[in-house]
Structures are given as structure tokens and as C-alpha cells.
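To begin, one chain is listed below as C-alpha cells, in the form predicted alone.
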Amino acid sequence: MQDWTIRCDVLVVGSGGGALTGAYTAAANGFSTIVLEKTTLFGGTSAYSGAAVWLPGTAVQERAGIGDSTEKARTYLRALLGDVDVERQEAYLTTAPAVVDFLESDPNIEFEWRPFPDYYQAPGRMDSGRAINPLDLPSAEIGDLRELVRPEPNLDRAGKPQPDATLIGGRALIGRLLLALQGTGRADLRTRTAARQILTEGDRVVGVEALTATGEILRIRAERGVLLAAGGIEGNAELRGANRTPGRARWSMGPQGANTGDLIRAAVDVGADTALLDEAWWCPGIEMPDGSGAFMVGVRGGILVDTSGNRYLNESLPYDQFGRAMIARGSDAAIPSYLVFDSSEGGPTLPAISIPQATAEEHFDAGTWVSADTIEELAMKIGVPADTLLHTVERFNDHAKRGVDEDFHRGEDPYDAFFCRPGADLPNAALKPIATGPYHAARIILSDLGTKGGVRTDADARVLRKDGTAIEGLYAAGNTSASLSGKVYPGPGVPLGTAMAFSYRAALHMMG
């Protein structure tokens, strides 16, 4: 017999987009709901994101008139994922319109379509993209809840709060979901409360034991079920090593101190099976002056070379494919790599987006960037053969003049040019010569937006044992669960889209 501290209908562990969608689904349908967040702020990695959400075939795409449909998205997913886990594929696709309709029925939540191409050239692809985004959230609308939303990475890593300004991207998504939850009157939102053990009665999960920041032990009973949506193992160096997950915890884009796999371990303790623990949502990372990683996206210039001074990929690839190319090249050869760029944008301006950012001066002082008047001198500073780097740059410049990358086909896919600044004198906007000194090199490491391995789940997000049976009362979504997309990242917002769709389904299943 358990000595319960608190009772509720539904317990959600985690506070990202998936967790809060599941919590809101339960609370809005009349069920008492508790949300536990172990850090001081809500939002997790979702708050860092641009908040593109890959939920296809919804009323939002229909309003935008872009010609998307569930069937077209099905064709695309099946081309990428094959016939593996078809039941979950179908659950995801058929749930997408329903979860968006449900969320938009709350006056605090509204989405719009914004162009951002799908990541693979495959049947059913939308070259202009199909992801949807939450509308920006004015500070006056969210009120005091703003202070509980995790700010963007630059501020968060510096320990600074969410500014009194319009919330955009992931902050807008989290803010809107928190407002909706608060409006139900049935949600108990708790920060600084870490779930550390899953509690059972017989074969059924009935709650969790949690520890507050003040040392109080809570035994929380959930009559309907427990949803785990608390991130992956990206922040846990020990678990990454044990599962041979490439990269380092310090290079990950997960919030520091969060996403350490505690709930995956707890689920395994009650019989859960796991999969894909060596996988992540990969991306190239700019090594920061303090040794951490910054998400690099939207490369519009320069070239990437390995330790031999050679190119080995299309630098404009979608970020997960970029990271996978680094892994395939091998850690000795490609980690670190170097983004070589010139001064054509006025000084040492990185021709890419860095999230978070550091100034060029900070990078030069730390040695994570170097500069030189010639390519040969630059090669010496980064430790690659000068003749090889010079040949690599000259070959790329020749391709840029002709507008055709014969080696890696940069600029041939709609995604390649998405972040480029069109130049009237360039035959290919994605190919810009490296010709204006001084020249610079930024150290690039392997980063990730979170791991994508975790507990195995079914179409209703129920956690599965090794024999395929479901653990009654236990559900998982987001990066706490093994991703539906396996080793593929189909398009912008698939992590959020799957997390939200399966958290919604989990809540519906709990409600019977």
C-alpha cells in the first residue's frame, strides 16, 4: 500500500511542446492534471526551437492554400520510412488534423503556415514546406506566466530571464500552451520537482515518486496514467557513452542540466524496452569559446573541410543530414571540421546562423576561430596541408563561377538556397566564391538538438515491454520515446509534431 502525498487523474513529467499538449488535452476534457518540471523553467528544448511543427494536412495548411494533404504526407513518409512501424505512421498522420483542430479551439492557441522546405527529395515532398508555427505571443497577453518560460539559448545559458518582449518561436508555443492550461482551471504546474521513480501496483503504473528542490519527497498517484515527455539522454555523458551515442553532452543543444535520461532509466526499471539510444537529431555545431556547441543552420557561404583540408559534403544540407555526413566521415577526420569563409560580407561575419551566438572577438580570443591574410597561412593555423586547402578553395571557386558544384551538388535542391542572399552576379546563389581576404576558419563540432532514442511505444504512446505488451498506465512521447522517424529527419518540426500528436493520443487513451 502506498502512502500518497497527492492524487490526480493524469500526471505529465516534462514541459516541452509534447508534454504540455498532453497535459492540456487531459485538463481541457475535465481531468485533474499535474505537470512536473525538474528545472526552474517550463519549455525544455522546445522553448529553444523555431517552433516549426510538422503536423500535415491540417486546417492551417488548408487556410494557406498550399495544397498539402494527409495523403501527400503519407506518400512522403512512406518513401522515407518504408513499411516499418506503419501503425504508428498512420496514427501520426491521421491524428495531425485532429490535434490542431483541438488546440486551435482554445482562444490562446493559433497556428499559421510559414515556408520552410521538407528535407528530402522524395515523392510527396513539399518544396515550400508544410510545417506550421504558433503565432507570436505579445508579452501583455501572457502576463506573469512569461517569467516561467525558458528563454532563448543566449539568455538561458547566461542565466538571464525571459525579457519583457513578444515571445516568438518555441517560447510562443510554450507560452500559448501554458495559457491554455491555466485557463482550464484543472492544471497544477510545478517546477523544481524531479520525478525519480515510477510506482506500480501489480503490473500497472500508478504514479511517481518525486523530489522537490527543498528536499520534500512527493508520492503522486495518477488514476488514469503517467505520461513521460521529459527529453532524451543528450545531457548525460555516462548514458551517451554506454549507448555509443556520437558527440558529447556539452555539445548538445538541450538545456544545460536537463534531459539526462532519468525517466528512461526509471521506465526500464519497471520493464520498458528501449530503442535508438545511439541516435539523435543531429546538426553541425559551432564550437563556442567556452567549449559548448551552438546550432549551426542556414549556411549561405564558405566551405567545410576536414582535417585533411578536403570538402566532404554539401554545406547547405539540412542539418541532420549534415551531422550524419560528419559521423560517416569519422570522428578522427571530421570532428572537428572547419568552416572556411572570407570577408565578403564585411569582416569576419559567419555565413550561417549560430544559435546561440558569440562575437567574433570572443571566438578569436578563445581560438575557436582563426584568421589569416592568405589561404596557405590559414591552413597552417588550423593544421591542414596548405596545398590541399588551396586546391580545395580554387576548385570550389571554379564551381562557383560556373554555378555548378560538380562534387556535392550544392544549390540543386530548394533547401540549399533557402537561406541564401541572392546575388545578381552569381549563377548559383548557394555557391559564392571565397575570394575576399582576410580569410577565416571556424571550428565545427558534432552537435544535436536532442537524442531520439528512448522507450518503445505503440500507436497510443503506451510504453512497451520487450515482448511487445504494454505497461498499463505508462505512456511516453517526444525524445523520451524511440522516435517514429528512426534514422531519418523528414522535415522541420517532426520532433515537435510527433511529440504533440502522440501526447494527445496518450491523453485520449487515458481518458478511455
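Since this is a predicted model, take the numbers as computed values, not measurements. Numbering starts at 1 and runs along the sequence shown.
Separately, the form predicted in complex with a small molecule exists; it is not shown, and the next lines address it.
Q: Out of 415, 281, 322, 111, which one falls within 4.5 Å of the small molecule in the predicted bound form, going by heavy atoms?
A: Selected option: 281.
Q: Name the single residue among 457, 483, 49, 61 that comes within 4.5 Å of the small molecule in the predicted bound form, judging by heavy atoms.
A: So the residue touching the small molecule in the predicted bound form, by this definition, is 49.
Q: Just one of 370-378, 254-262, 401-409, 178-186 has heavy atoms within 4.5 Å of the small molecule in the predicted bound form; which?
A: Going by heavy atoms within 4.5 Å, the stretch is 254-262.
Q: Would you check whether the small molecule, in the predicted bound form, lies within 4.5 angstroms of a non-hydrogen atom from each of 22, 76 and 501?
A: Judged in the predicted bound form, none of 22, 76 and 501 sits within 4.5 Å of the small molecule.
Q: Can you work out whether residue 27 and the small molecule are in contact in the predicted bound form, taking contact to mean some heavy atom pair no more than 4.5 Å apart?
A: Answer no; every heavy atom of residue 27 is more than 4.5 Å from the small molecule in the predicted bound form.
Q: Should residue 33 be classed as touching the small molecule in the predicted bound form when contacts are defined as heavy atoms within 4.5 Å?
A: Contact check for residue 33: no, nothing within 4.5 Å of the small molecule in the predicted bound form.
Q: Going by a heavy atom distance of 4.5 Å, is residue 199 a contact of the small molecule in the predicted bound form?
A: Residue 199: no contact with the small molecule in the predicted bound form.
Q: Using the partner position in the predicted bound form, report whether residue 355 sits within 4.5 Å of the small molecule, counting heavy atoms only.
A: Output for residue 355 is yes: heavy atoms within 4.5 Å of the small molecule.
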